[in-house]
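Take a look at this one chain, the form predicted alone, written out in structure tokens.
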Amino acid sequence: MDVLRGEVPERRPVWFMRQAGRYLPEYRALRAEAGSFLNLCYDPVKACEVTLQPLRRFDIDAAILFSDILVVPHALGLDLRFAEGEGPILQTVRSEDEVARLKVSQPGDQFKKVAETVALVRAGLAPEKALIGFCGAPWTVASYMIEGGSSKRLRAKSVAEENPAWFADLMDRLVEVSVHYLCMQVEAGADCVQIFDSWAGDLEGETLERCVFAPISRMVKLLKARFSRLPVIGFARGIGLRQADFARATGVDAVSVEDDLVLSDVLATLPPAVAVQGNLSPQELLAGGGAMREAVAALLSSVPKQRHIFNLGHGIVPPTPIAHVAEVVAMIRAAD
């Protein structure tokens, strides 16, 4: 929180995207007990336990809510299931009538269950640890809604470029409901939020600015009108060297950067008040050894701790050895 607010931190903060997940045996046991991924997401007690599991193993500085970005379309009334080996299967939205049927003004009780999870986590979390709420960005969530799952998103990209009235309406509705969802998380105890635009890199030029930059900018303005000191982290995956444009256009307090960019180069282009988050490669974390240690050391030496939140360029992959995560955390703490 110090870094996000432009203050000098006592130490370099660190957390990991997907830090609660399949690389932990305690997660796998609870997932089996829950019976399905959605059951786990919507059981506040179990979701709280999953959120807190990595903080019991590692000296990290934040918990991130255990949930999924598709909670939003599910709460809007779309059928959702997760098939083993296939990923999410979501009811599609591809017309004005289907957009109009979304329950934006009265979403289902999924949001309430997530808020219950947030409150339980905050109660079980040490006061010096931050709690990160999150949602998917409108473009990424819309792409799932148009495609019906995690395909190559060719249909969604075509719709975004053509920008029919129903798509613009869908994006507006997603801005509205996503802000409502994040506000519920903040009211329940989240200290900051991260907006995940996982498929931002599918778009470019005017379409990128209209479908990624503009909706997130609106979200940030609405969030800060409600909570003036709420830090917002933006993760526009795949936009490459446009991170500075993204930061200026949206007003986020930090940009989370994928691992194919040099973090110090990105930081040099950002407004002085904007921090960077990232960007160790998940594959380097998986492999471990000398290459991992060299990459960690390079990050620590190239980016000052007052503007850096150590993280990965994307999420921890399931086969990652727990010992590798512990070693990275130990290196960060030794450097402090």
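Residues carry their position along the shown sequence, with the first being 1. Everything numeric in this text was worked out from a predicted model, so none of it was measured.
The protein also exists as the form predicted together with a small molecule; that form is not presented, and the subsequent description refers to it.
**Student:** Taking the shortest heavy atom distance, is Ile64 within 4.5 Å of the small molecule in the predicted bound form?
**Tutor:** Answer yes; at least one heavy atom of Ile64 falls within 4.5 Å of the small molecule in the predicted bound form.
**Student:** Does at least one non-hydrogen atom of Asp68 fall within 4.5 angstroms of the small molecule in the predicted bound form?
**Tutor:** Within the cut-off, so yes.
**Student:** Phe37: heavy atom within 4.5 Å of the small molecule in the predicted bound form?
**Tutor:** Output for Phe37 is yes: heavy atoms within 4.5 Å of the small molecule.
**Student:** Pro88 versus the small molecule, in the predicted bound form: is there a non-hydrogen atom within 4.5 Å?
**Tutor:** Although the small molecule is absent here, Pro88 would touch it in the predicted bound form, with heavy atoms inside 4.5 Å.
**Student:** Have a look at Ser198, Gln110, Ser178, Gln185 for me and say which one sits with a heavy atom within 4.5 Å of the small molecule in the predicted bound form.
**Tutor:** Only one option qualifies, and that one is Ser198.
**Student:** Can you pick out, from Met17, Val14, Val328, Leu24, the residue that has a heavy atom within 4.5 Å of the small molecule in the predicted bound form?
**Tutor:** So the residue touching the small molecule in the predicted bound form, by this definition, is Met17.
**Student:** For the interface check, one of 264-272, 25-33, 278-286, 300-308 should have non-hydrogen atoms within 4.5 Å of the small molecule in the predicted bound form; which one?
**Tutor:** Answer to the contact question: 25-33.
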